[in-house]
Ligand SMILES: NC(=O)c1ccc[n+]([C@@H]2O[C@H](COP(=O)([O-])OP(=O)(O)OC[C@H]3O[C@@H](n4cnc5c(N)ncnc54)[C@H](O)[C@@H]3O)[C@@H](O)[C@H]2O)c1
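Take a look at this single chain, the form predicted alone, given in structure tokens.
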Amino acid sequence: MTVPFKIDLTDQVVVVTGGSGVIGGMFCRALAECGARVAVLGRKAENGMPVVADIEAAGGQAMAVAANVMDKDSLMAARQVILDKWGKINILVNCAGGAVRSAEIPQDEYADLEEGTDSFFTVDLENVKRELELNIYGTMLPTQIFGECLVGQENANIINISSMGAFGPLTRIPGYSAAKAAVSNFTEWAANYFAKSGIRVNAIAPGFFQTKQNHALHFNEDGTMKPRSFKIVGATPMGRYGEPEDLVGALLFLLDPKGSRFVTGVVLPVDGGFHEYLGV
């Protein structure tokens, strides 16, 4: 890929959880283009190999590492693999997470539902628990494991992924909204906690983006928008869904050792204005 602008990450080592996903993989490629050596973390190492191949084909350095963000031993093993090869870690990008489809509430509001219709009252809250754990525990645990290596390193940074659901609860996905609100809160807490250690901690809060994960929620099989999609676009002042590439500039800004060196504790919306539009 071609980054919108380059920052100098030469000789810095970056760990990206969820690095085999669409957004995580895009972040990995962009960081490598800026000179970083990138550890692409995913539940299976082979899932990250296409990203590694792209980076190496472009002249960069990367490796795929198996790691489960919900498992401490798995993360400890991944950390050792990275340290054995590259000797240090400068940056952590917590990109693993997301919504759990089975935790979704079937309708925007509860009103005059026919008997037997699935609703909030029938959702298995174990699925909501999985959603909460994946997002907040899956951010805190990698921060604990890899963050320890950042102390004393040049340009030490942690970037988390929040969401518009953290600014206010979105319909149908209360578990996801609550989880991302927790990620934002943890980002601010960690920024304060680590400030004097030299580690900056910030987050990106994407608005509505077109991804494989949410495609069925927003679009029909023929590609046309569902009613929910028209509501989203109508509430986005820029009048469109985001594209994954729109997130790269925010990432690079927050990691820039010159341009954002006094920025920490920020949850940066990248949402086309969705977070500030009141509908009138």
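Residue numbers run from 1 along the displayed sequence. Here the structure is a predicted model, which means the values were calculated and not measured.
Another form, the form predicted in complex with the ligand, is not on view; read the next lines as being about it.
Judged against the ligand in the predicted bound form with a 4.5 angstroms heavy atom cut-off, the residues G98, L134 and G207 are in contact without exception. Residues within 4.5 angstroms of the ligand in the predicted bound form, judged by any non-hydrogen atom, belong to 160 to 168 and to none of the other stretches in 103 to 111, 160 to 168, 82 to 90, 143 to 151.
At a distance threshold of 4.5 angstroms between non-hydrogen atoms, V69 is in contact with the ligand in the predicted bound form. Remark: I23 counts among the residues lining the ligand in the predicted bound form, judged by a heavy atom distance of 4.5 Å or less. Contact annotation for Q61: none of its heavy atoms lies within 4.5 Å of the ligand in the predicted bound form.
Taking the partner from the other structure, the ligand in the predicted bound form has no heavy atom within 4.5 Å of any heavy atom of S229.
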